[in-house]
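Single chain ahead, written as structure tokens, the form predicted alone.
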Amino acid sequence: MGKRIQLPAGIDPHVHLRDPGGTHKETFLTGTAAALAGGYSCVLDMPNNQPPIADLEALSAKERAAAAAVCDYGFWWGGTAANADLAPQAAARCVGMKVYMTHTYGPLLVDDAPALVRLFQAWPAGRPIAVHAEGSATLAAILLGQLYGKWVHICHVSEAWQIAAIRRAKEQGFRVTCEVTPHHLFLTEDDARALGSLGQMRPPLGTAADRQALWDNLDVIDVLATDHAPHTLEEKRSANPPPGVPGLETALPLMLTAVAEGRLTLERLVALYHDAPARLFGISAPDSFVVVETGVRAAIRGDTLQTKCRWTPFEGMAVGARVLETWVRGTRAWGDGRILVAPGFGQRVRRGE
């Protein structure tokens, strides 16, 4: 028999719920159900939908789709080379702007310096600019933020040199924050080879030394983010598999297992998955908490998940904790292995100042 612990419910600032445009992979209903099953009360959805959330019509379509959510949610705006003029209107409806400086598809890829300057100039100061910036683009993003007085949030750090550069930027007083994913904390390039196309993701899994550097520099990392990015098994096993893995339901059991192993304290974990996201992104989650059971032994299984894709790169991995209940705004929303609230229970959050 394990030990029951009550903790603040999670806030995940980086998910891809695929709705609209990719509802065969995930919907707002299935994705937010996965969030509740994983101990999260709120998720912030990224803009790389089909079509991307880079104009006001597409944003309105996403707002309509989100009416089915069962946990709280917010949206990121997608910056492009052509939409800097929409920044004030988008900022009023979204928690921040996402800029893909490397490795994405279609108009969301912005790797042109003049376009990046226009976006950084136009976005309101004090609102986050989240960047997908692999390789040297990380340095460019940090410099752009410093030049134009903007807050840059580096998504899914994965390499030793990258976390060292972010540490240096923080020491110099730059306004930069960053996040790490469980898959980069627990898996390496060796796992990617074993997983085959199921281990394909952006950024790719790093070396064992990269993974250790992330653990060694948890004091530099602000936020734990899942980068929940589901695709169907058929897509992942195709001749052209898309990058991305699901993660909402496995993050907290994995991290609580790391706590039990002494890799971080429970207080630091709570800061990473709740306190810092709430503070940084201006999200209030009153009476939202998760009840977990620790000291158990279980294996992660994709066929038990709420996410529509129902697979995981952590298949078979042993964990020592599980989520029993998730409460949102005083309501028991997940318990007894099922969703306990109706579609539409979730509420929209906007960036607090």
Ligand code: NCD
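All residue numbers are counted from 1 along the displayed sequence. These figures come from a predicted structure and were not determined experimentally.
Missing here is the form predicted in complex with the ligand; even so, the following discussion is about that form.
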item	value
Close approach of residue 48 to the ligand in the predicted bound form, 4.5 Å, heavy atom	yes
Exercise: residue 167 in contact with the ligand in the predicted bound form, heavy atom 4.5 Å	no
Partner proximity in the predicted bound form: residue 90 to the ligand, non-hydrogen atom cutoff 4.5 Å	no
Close approach of residue 282 to the ligand in the predicted bound form, 4.5 Å, heavy atom	no
Among 237-245, 77-85, 271-279, 205-213, the region lying within 4.5 Å of the ligand in the predicted bound form by heavy atom distance	237-245
Answer option from 201, 108, 142, 129, heavy atom within 4.5 Å of the ligand in the predicted bound form	201
Residues in 214-239 close to the ligand in the predicted bound form, defined by a heavy atom within 4.5 Å, in order	227, 229, 231
